[in-house]
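Below you will find one chain, with nothing else, as structure tokens; this is the form predicted alone, and questions on how it binds or moves follow later.
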């Protein structure tokens, strides 16, 4: 079996799968795939033109699977242990909801609203759109942070007692905010910050996270006034 994950280290969805594979101790290869530069052959296998893309030689040389959620659950079905899906139906349902919430609401708000406005212009040699990104931080992130803070409560993980897809999905999105220079206020959202520290101590998450952080280390970051308590 040869598992190959195609994408870019800056993508939270790409790192979602790398974290899963590392957590399960599944060997894998990576292949750089820039969806903004890929040709028509990429559209043919993935009309949404998003990363990651998975290849698995067990299914033949031409087999590919797009979308991080489809990939995640394919891997869970193929290699069930250690499971990253909760055992109880209630926790399982909660994990699937939080995965969807992270992949949609967090991704669109954090990614399009903040990360892309800070990082993408600099990749093109332009000034970051910091004012627009800060507007999103001020107007939209407090409500999201409040929900995430209330959802984890006093628990270590988001969907039951064990580490799961919910935790990975949420953490990779907040990681991209940090690459743009925003970290939620520890005094205002202490449970969220404690969660990020917990997951940051796991080798499965830290490995790809540190590679991504290094890729953006020299870029200009947001400067959030501590007095705003954001």
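Quantities reported herein were computed from a predicted structural model and do not represent experimental measurements. Residue numbers count along the first chain shown, from 1.
Although it is not shown, the form predicted in complex with a small molecule is what the next lines describe.
- For the marked spot (13, 36 and 49), a heavy atom within 4.5 Å of the small molecule in the model of the complex is present in each of the three residues.
- Taking non-hydrogen atoms only, residue 91 never approaches the small molecule to within 4.5 angstroms in the model of the complex.
- For the chain shown alone, residue 116 is a contact residue for the small molecule in the model of the complex, at least one non-hydrogen atom being within 4.5 angstroms.
- Taking non-hydrogen atoms only, residue 56 never approaches the small molecule to within 4.5 angstroms in the model of the complex.
- Of the heavy atoms in residue 162, none are within 4.5 Å of the small molecule in the model of the complex.
- The single contact residue among 69, 185, 178, 30, judged by any heavy atom lying within 4.5 Å of the small molecule in the model of the complex, is 69.
- Residues with any non-hydrogen atom within 4.5 angstroms of the small molecule in the model of the complex fall in just one of 164-172, 60-68, 193-201, 22-30: 60-68.
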